[in-house]
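In structure tokens, one chain follows: the form predicted on its own.
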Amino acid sequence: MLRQIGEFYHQGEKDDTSRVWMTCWHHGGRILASCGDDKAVRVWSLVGEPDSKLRLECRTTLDDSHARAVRSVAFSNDGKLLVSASFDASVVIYQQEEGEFTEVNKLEGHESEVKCAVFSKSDEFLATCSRDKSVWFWQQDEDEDFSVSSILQPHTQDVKQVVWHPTEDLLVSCSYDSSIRFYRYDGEDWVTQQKIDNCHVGTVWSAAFDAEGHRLVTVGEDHVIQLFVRENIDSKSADQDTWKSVARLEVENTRWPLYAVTWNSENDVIATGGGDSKIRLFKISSKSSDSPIIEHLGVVGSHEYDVNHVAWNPKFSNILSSASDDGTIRLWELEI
């Protein structure tokens, strides 16, 4: 069902097996960014066609912006900017000019490791989260500079990831404190809209929305994948715009956490990566909020060590990238 079509070392050499934390696809589907423990961000070109041999070619290495490991990378939705978040407590903005990305801004203020940075759908806002338990919202002005809009500390522990809704200025955060939080802009400030405690037993590592933004999946330390649905979808009241858990599945034959999840916007297939080096696929059997079932399609791929991140290509929907502690980025093709 999932066939490996390529293996590429983040640092370029097979002997250099520094951990790869994350990969992120440019929205055009032909560019991939990766980051890792080597303090560098690399930008790759996807060469070839899906019906022939696809491969990644490294086009840029950005290795002078951070002093510690780079934990997260993300492209802006207009494709002009790239952001990286690092254990050195900084966030760096790169701008694409004539096909190359160069550093144009460094955002500082977090008191500890920054775990994630990601642009909103409109690109007006940038959200960051940190080991300092906070979620920061940065706003882009007319000069394309970012300044702090709001600082919230709704979690009691390390915040692992922030994820934007696919069409709205709505954000969800995942934390070491076993909870998720939802945030919305009230016209003046960002506010915490909903708190869901005890979401998982242990750390909530990752979350992903479906294409419409009416469903959300989370994965965690307890090797559980959980489905949430949006209640009162048409409500204009923030108080009534809430989410509830409707299904959960504990993955059998593993005791390791699920670290990453990604939801395919074209075919609804969900992929996860975990501490047991495995990549798994899932599908929601029904869109009904009454009785959905999370179906485990099976273990479909693996790395040598932990799989830290998985991401579907937004243009070529059958292509998946994965990042691992074994130092590699792997490309997979979904065959249905």
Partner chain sequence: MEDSGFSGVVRLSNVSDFIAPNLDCIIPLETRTVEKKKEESQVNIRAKKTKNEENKQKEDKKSVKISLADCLACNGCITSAETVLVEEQSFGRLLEGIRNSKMAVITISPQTITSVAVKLEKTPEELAKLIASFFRRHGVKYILDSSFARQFAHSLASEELLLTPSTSRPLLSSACPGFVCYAEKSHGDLLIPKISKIRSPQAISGALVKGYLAKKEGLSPCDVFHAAVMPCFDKKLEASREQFKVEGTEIRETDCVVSTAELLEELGKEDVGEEDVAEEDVEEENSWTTSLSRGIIIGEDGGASGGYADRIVRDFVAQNGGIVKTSKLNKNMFSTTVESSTTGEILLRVAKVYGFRNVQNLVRKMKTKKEKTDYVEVMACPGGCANGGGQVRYETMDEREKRLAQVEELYEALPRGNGCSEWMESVREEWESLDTNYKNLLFTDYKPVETNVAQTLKW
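Positions refer to the first chain, counted from 1. Note that the structure is predicted; figures quoted are calculated from it, not measured.
Unshown form predicted together with the partner chain; subsequent notes refer to it.
The three marked residues, 165, 198 and 203, fail to reach the partner chain in the model of the complex, with no heavy atom of any inside 4.5 Å. A heavy atom within 4.5 Å of the partner chain in the model of the complex is found for exactly one of 303, 39, 309, 26: 39. Contact with the partner chain in the model of the complex, defined as a heavy atom within 4.5 Å, holds for exactly one of 133, 160, 223, 230, namely 133. The partner chain is not shown here, and in the model of the complex it never comes within 4.5 Å of any heavy atom of residue 253. A residue is said to contact a partner when one of its heavy atoms sits within 4.5 Å of a partner heavy atom; residue 182 fails this definition for the partner chain in the model of the complex, lying far away. Put simply, residue 79 is far from the partner chain in the model of the complex: not one heavy atom of it is within 4.5 Å. In the model of the complex, at least one heavy atom of residue 145 sits within 4.5 Å of a heavy atom of the partner chain. Segments offered: 116 to 124, 245 to 253, 260 to 268, 134 to 142. Contacting the partner chain in the model of the complex at heavy atom distances within 4.5 Å is 134 to 142. Contact annotation for 87 to 111: residues with any non-hydrogen atom within 4.5 angstroms of the partner chain in the model of the complex are 87, 89, 105, 106, 107, 108, 109, 111, listed in sequence order.
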